[in-house]
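In C-alpha cells, one chain follows: the form predicted on its own.
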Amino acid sequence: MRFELDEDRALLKASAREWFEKASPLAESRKVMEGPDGLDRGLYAQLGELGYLGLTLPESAGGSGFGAIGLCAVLHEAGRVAFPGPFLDLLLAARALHRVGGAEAERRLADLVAGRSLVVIARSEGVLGCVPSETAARFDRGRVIGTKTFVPFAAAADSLLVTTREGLVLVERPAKGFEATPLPVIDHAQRFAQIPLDLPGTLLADAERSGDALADVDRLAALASSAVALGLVERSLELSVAYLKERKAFGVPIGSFQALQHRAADMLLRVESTRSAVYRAAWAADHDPERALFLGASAKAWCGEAARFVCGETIQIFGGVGYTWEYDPHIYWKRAKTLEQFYGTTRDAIETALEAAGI
C-alpha cells in the first residue's frame, strides 16, 4: 500500500529535499564530520528559521504543527544526505520540554525551536547506553549528582535535560563547558560522551510527569529514527543502481549480471516496505492513537534490519571501494548501525510491538 502526502506536506518534503541537498551535501558534510563538534551551528540556526525544530509542536508552542507525517517527511530527506549533528536529538528534547511544561521549560523550548540553543537529553547510565537502565542520578539540594553515558553531542550542548530519580532536571552549560569524555563511535557524524555531573539544575517535572513525558519521547524516537533510516536506504539504493549502470566488467555494465539484478531487487523490496512502514506509523501517530504504539514500534523493528541489509548490500555492490572513505556507502551503513542500536534497539522495538498487540 502506498501513502500519498497531502499538498502541504508534499510541499514541505520537496522544500526539505531542496534545502538539505543545497545546504548539506555529503561533500560538505564530510568536513563537518571531521570537525571536533560534528555539527555546523549555522545550519542548525537555519533549521530553526525554517521551522524544522518544531515540526510536531503546535503553533501555540512555537511549532509548525505538521505532526508526525510532516516530521517523517523532513527526516526522510535528512537521512538521504546523512545530515550530521543532533537534529533528531533536538526534536526529542523539544518534545520532552513541551510535554513537561512550565515557565522554565517554555523559555528553553522557545530558544531551542528558534535554533538559538542546543538542548539534548542525558538519560543513559552505564556502558550499555542504548539499553534502558534504572536511574541512579539524583537531584539533591538544587544539584544534579551522577554520571550519564552516551549523551549525544554533549560537548556542544547549551543545556542538558537530565533524568534523575526525582524527575527531569534542566542543567545549563557551565562557563568552562561540560566535562564530556568522548566515547568511540563508528559513525563519523555522531558524537557521544560520558558526563560526570555535580552541577546546579532546575527541576522541571517530578518523577511521574517526567516518566509520562519520556514515554512519549520514546514513541516519537522510534518513529523519527525510522524515518531517517528510510532516507538512508532510499539513497543507498540510488547509489547502487547508478554504480551498476556505470561500472563495467568484461566489457559490459555489471548491472547486466543477473545475480546483481537479484540483489538490487531484494534491496528495492526492503526500501519500499520501509517506506510503507514509516508513513503508516506516522499516519497512525496523527490519526489513530490506539494503533500508534504498535505501528511505531513495528516500523522501528523493521527499519533497523532493513537499513543494515540495504546499506550493507550497497557496500558489497561497490566492492572493495565501498568501504573506503572516498566513497559514500560506508557513511550510510554506519548511520544505519547507530540508528539500529539507539532510540530503542530492534529487540526493544519488537518487545514493545508484541506488548502493544497484547502478546
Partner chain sequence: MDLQFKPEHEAFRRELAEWLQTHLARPWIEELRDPANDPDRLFEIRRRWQAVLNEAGYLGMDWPREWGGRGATAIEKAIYTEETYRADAPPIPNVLGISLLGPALIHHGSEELRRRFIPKMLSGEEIWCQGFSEPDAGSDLAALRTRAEPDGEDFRITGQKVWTTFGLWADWIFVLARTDASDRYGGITFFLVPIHQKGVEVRGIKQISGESEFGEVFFDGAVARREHIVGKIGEGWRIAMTVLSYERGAMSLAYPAQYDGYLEDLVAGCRERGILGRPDVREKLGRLLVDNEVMRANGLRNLAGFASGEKPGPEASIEKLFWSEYAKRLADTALELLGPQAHLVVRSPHSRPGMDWAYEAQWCRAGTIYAGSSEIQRNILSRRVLKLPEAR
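These figures come from a predicted structure and were not determined experimentally. Numbering follows the first chain given and starts at 1.
This next part talks about the form predicted in complex with the partner chain, which is not shown.
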query	finding
Ala14, heavy atom within 4.5 angstroms of the partner chain in the model of the complex	no
Ile186, heavy atom within 4.5 angstroms of the partner chain in the model of the complex	no
Interface membership of Glu305, the partner chain in the model of the complex, 4.5 Å heavy atom rule	yes
Residue contact check: Lys22 to the partner chain in the model of the complex, 4.5 Å heavy atom	no
Proximity to the partner chain in the model of the complex (heavy atom, within 4.5 Å), stretch among 319-327, 27-35, 44-52, 297-305	297-305
Trp283, Phe87, Phe139, Phe150 - the one with a heavy atom within 4.5 Å of the partner chain in the model of the complex	Trp283
Listed residue (Asp158, Glu104, Asp111, Asp266) with a non-hydrogen atom within 4.5 angstroms of the partner chain in the model of the complex	Asp266
4.5 Å heavy atom contact with the partner chain in the model of the complex for all of Asp6, Leu244 and Arg291	yes
Members of 249-277 lying within 4.5 angstroms of the partner chain, judged by heavy atom, in the model of the complex	Val252, Pro253, Gly255, Ser256, Phe257, Gln258, Gln261, His262, Ala264, Ala265, Asp266, Leu268, Leu269, Glu272, Ser273, Arg275, Ser276, Ala277
